[in-house]
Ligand SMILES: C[S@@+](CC[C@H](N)C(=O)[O-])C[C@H]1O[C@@H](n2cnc3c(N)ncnc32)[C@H](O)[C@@H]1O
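Just one chain is shown here, as structure tokens, and it is the form predicted on its own.
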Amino acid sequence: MTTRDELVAWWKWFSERECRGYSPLYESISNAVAAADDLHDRLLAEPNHVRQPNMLLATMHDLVLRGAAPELATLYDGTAPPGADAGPLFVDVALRRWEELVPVLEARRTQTNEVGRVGVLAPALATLVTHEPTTLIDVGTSAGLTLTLPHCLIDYGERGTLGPADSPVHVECEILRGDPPIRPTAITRRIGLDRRPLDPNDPDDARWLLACTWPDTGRLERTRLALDLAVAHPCELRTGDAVTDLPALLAEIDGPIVVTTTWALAYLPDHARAAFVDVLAAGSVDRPVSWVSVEAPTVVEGLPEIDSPAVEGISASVVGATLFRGGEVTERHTLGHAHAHGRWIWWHQ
């Protein structure tokens, strides 16, 4: 059970490590929430998942997107007068509208499947996927936005581009160091697995995914376009759990499989993370299974430790590759570090 002190520390950490230098809006709001005792009382009375900073931030953003919080609208769309402080107003609106927020907080989950992560996934997949036809399973897929990778234009600056030049979704990923492989892969089938997959055709689901997108980071319009792309190029979206339902999905597929998780494993408890690895190992008895993970440091156990690069802004994620053969882990690699939303990659291989 989260204590008040832990809740305050969580919001302070979120402001300093996730928002500072990247989202001034959410940095201000997080600092205000950290100091709001009345709001702490409300959060502590709710289930544990509601206390995650991203949950309250997304639920309030959903309120704004529905046009139900006009007093916050200009702060979220960047048209407010210079110097306007969103933090105190956010807290005031949250307290006044709390009964309206609770059903959304309790029913929804954080589902920030950011399409910008395709810039990080592409070289990681190119490292592991050979010329043999391969199936990709994205665990924690949300609306399957990263599954649209072949239809996105990924711009690596001087290193070139990947994907169709006329794509409506343009992802810029700066290579800060190293020489990641930039090439298409032999992935022939793409499947998304999520306990509560979002349907990009459903207006409420689409709005929730937008609500999970930080409004002042330049990603909102691209997410709208990515939702349209997911509608135009649908992939298989399955409802299921990362541990209990994944074995059956693995069993129905012939040939090599690569599994991806991008900030999905972080939401599982330690025992479920260990069980997830066991499932992947069991699925590799008759064919190779590989796992590309883009997660916070320490979330994926066993990866070689490499110091995170000193890059200002949002804390770096670890890009890992774990290979399973014959029912066990055979290789673990730390491929690189990356911005959690795909803005840059620091390649180690």
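Note that the structure is predicted; figures quoted are calculated from it, not measured. One-based numbering along the sequence shown.
The same protein also exists as the form predicted together with the ligand; that form is not shown, yet it is the one meant from here on.
Proximity to the ligand in the predicted complex, taken as a non-hydrogen atom within 4.5 angstroms, holds for one residue of Asp241, Glu71, Asp179, Glu236, which is Asp241.
Heavy atoms within 4.5 Å of the ligand in the predicted complex are found in one stretch of 210-218, 255-263, 79-87, 157-165, which is 255-263.
Interface residue remark: Arg195 is counted as part of the site for the ligand in the predicted complex, having a heavy atom within 4.5 Å. Interface residue remark: Gly140 is counted as part of the site for the ligand in the predicted complex, having a heavy atom within 4.5 Å. Under a 4.5 angstroms non-hydrogen atom cutoff, the ligand in the predicted complex lacks Thr223 among its neighbouring residues. Looking at Thr148, you'd find every heavy atom of it more than 4.5 angstroms from the ligand in the predicted complex.
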